[in-house]
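Read the single chain below, which is given as structure tokens and is the form predicted alone.
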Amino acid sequence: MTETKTPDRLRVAIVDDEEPARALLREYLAAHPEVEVVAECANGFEAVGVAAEHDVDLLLLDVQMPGLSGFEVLELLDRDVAVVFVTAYDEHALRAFEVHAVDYLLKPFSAERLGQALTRARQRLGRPQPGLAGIAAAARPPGVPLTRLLVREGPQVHVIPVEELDVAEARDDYVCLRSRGREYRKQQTLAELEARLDPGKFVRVHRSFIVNVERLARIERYAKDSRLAVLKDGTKLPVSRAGYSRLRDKL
């Protein structure tokens, strides 16, 4: 049986919107010569950029932060990074372990408790981790429709309120989101997106398209058994039989 190799050094990024909390983590980490703090982030947007630009092994990640929550940060990562949640709120613990966090530190915690989390992180490194799509699904409360969509382009994060989404189109292994005249590429399947949108406001009119019903102007007959959805901006989308049936229930 092959033994997993534990790295000699642990490259860590601290993510917390409160400077005293970051300072305490720096103090505790200074007692661990094998740990290298590669970045400090005051919000989730900075954390996404750091994870994209640096070879980070471990995120010490707060949950409740302005802009992006810790769970939303995980959704935007494009590679496996070990995560230890550091928070003052115990109600997030179950969701943290559902997204396969290494540990969950409840403030205030001791230096010894952080040391235990670092040991677990080193043991976790090098082992296969769950896919990011599964992490994103587990990170959100079940049964609650999305209120915004998050799209990462390099270190930049776009936040799209769902009411501003016009159309979502399936393309290869990603979806194209159209909003306010722009297109955004998100690594997700159309089925995954459909499951998280409000079915009273968004309808899958075709296997490749989901439309915001508020953007719909009219339905046109295209051929004997074919129809087109015409949006208020003039965009035309194919409508399948099943899609037309779903649309009629909303119109």
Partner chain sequence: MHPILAYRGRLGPYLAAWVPLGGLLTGLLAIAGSPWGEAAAIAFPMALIYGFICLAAWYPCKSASPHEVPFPRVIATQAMAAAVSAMLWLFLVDTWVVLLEQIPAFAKATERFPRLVPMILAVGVVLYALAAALHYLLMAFEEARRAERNALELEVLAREAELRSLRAQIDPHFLFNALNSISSLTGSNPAAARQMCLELAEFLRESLRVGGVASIPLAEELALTEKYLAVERARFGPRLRVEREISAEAGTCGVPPLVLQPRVENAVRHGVANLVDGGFVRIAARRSGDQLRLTVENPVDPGVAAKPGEGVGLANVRGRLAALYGQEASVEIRRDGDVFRVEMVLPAAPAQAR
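Keep in mind it's a predicted model, so treat the numbers as computed, not measured. Numbering follows the first chain given and starts at 1.
Same protein, other form: the form predicted together with its partner chain, not shown, and the subject of what follows.
Checking Leu228, Leu10, Leu231, Leu24 against its partner chain in the predicted complex, a heavy atom within 4.5 Å turns up for just one residue: Leu24. The chain is drawn here without its partner chain; in the predicted complex, the stretch among 189-197, 60-68, 203-211, 217-225 whose residues come within 4.5 Å of it by any heavy atom is 60-68. Proximity of Tyr104 to its partner chain in the predicted complex falls outside the 4.5 Å heavy atom cutoff. When its partner chain is considered in the predicted complex, Pro108 lines it closely, a heavy atom lying within 4.5 Å. When its partner chain is considered in the predicted complex, Tyr184 lies well away from it, no heavy atom lying within 4.5 Å. In the predicted complex, at least one heavy atom of Tyr89 sits within 4.5 Å of its partner chain. For the stretch 9-43, the set of residues having any non-hydrogen atom within 4.5 angstroms of its partner chain in the predicted complex comprises Asp17, Glu18, Glu19, Pro20, Ala21, Ala23, Leu24, Glu27, Tyr28, Asn43, in sequence order.
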